[in-house]
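In structure tokens, the next block holds one chain alone, the form predicted on its own.
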Amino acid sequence: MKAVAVFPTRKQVSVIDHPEPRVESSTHVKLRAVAIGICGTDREICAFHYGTPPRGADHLVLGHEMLGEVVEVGSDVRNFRRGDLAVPMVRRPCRHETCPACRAGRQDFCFTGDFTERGIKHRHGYMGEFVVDDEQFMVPVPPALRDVAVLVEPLTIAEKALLQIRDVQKRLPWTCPVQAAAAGIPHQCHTALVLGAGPVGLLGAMALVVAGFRTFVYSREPLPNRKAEIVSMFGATYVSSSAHDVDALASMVGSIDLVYEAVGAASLAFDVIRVLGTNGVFVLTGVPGRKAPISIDGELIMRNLVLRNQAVFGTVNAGRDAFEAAIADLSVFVARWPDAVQALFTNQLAIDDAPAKLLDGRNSIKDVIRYA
């Protein structure tokens, strides 16, 4: 089959002939690709910042955002049959018996770092015509989402963050809607700020609007621009950093209860953390490259963290709960803002065109390799 692969030692990205995977276990599920997303991680691997082939291989098949149609199942598969749609998960557990997260099926919280990831670390990815994996790593998708479910995996980043935010909210009864209702306390509407207007940021902003946050998206592109138009489609507010610095942003937005960072820029993140509100939560999802050190007002940040009861956490990868939440929210997005969801798709590609787009994704939001 055709697949898109990166050769790290040769510094090469190309379409290759790759062996078609086969069902070799009674719990295996084989998918035929419907759509495969191209994301920033893929482009960083193609820039040779990271990405590790399987042991003994000189190349890594790319891709970790995929929607597939089931074409074959093993004899013990119970939750899938031919014709079903599925999204495969990305991370696979480490083998250490001492890792409680992986042993509990929560490899997204792996303690050892010896996990593997499809299309990223020690396992070939999904950027080919067929994929085979174990049923436990497949998540069913309703037929109604066939045209958009390739967005599920990038949306899981925000969904995992929201799941953790809800756990943090439980410390404040008036912040958690469930606890507030049970205690008869009026629930306060909260403000969320999303840093970055790429697909992870825009999908995260949609999820925050659905969750009831008054949502702002802060990105560098000056107005007017296409991303700002999309933001307005789903009821959030776009603010350009080219026109408003962080202090002006804070004056405009008011108290910021949640920051969802989706840009991978350390200098911006630590500038914005200065203006996080009382009891606020700051979520980091970006992984910046190794660049020169930045200057921060560490004393102010530390003082605010303590005196304002703030919480900061990072989140990466996602478990089944986040995938299921993403599928549920994506159904809501399509029902409420179909034009905004469709506007996220910039280019529909054939697989032969993927290497060029991986190496030059300028002006793209979400580029997708489409099959039938």
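Model, not experiment: these values are computed from the prediction. The first residue of the shown sequence is 1; numbering continues from there.
FYI, the form predicted in complex with a small molecule isn't displayed, but the following is about it.
Checked against the small molecule in the predicted bound form, the residues Ile157, Val283, Ala149, Met127 give one hit for a heavy atom within 4.5 Å, which is Ile157. Note on contacts: among Ile120, Ala228, Cys102, Leu145, the single residue with a heavy atom within 4.5 Å of the small molecule in the predicted bound form is Ile120. Partner contacts here mean any heavy atom within 4.5 Å of the small molecule in the predicted bound form, and among 26-34, 311-319, 52-60, 331-339 they occur only in 311-319. Contact annotation: His190 falls outside 4.5 Å of the small molecule in the predicted bound form, judged by heavy atom distances. In the predicted bound form, the small molecule lies within 4.5 Å of some heavy atom of Arg91. Using a 4.5 angstroms limit between non-hydrogen atoms, Cys39 touches the small molecule in the predicted bound form. Residue contact check for Glu153: one or more of its heavy atoms lie within 4.5 Å of the small molecule in the predicted bound form.
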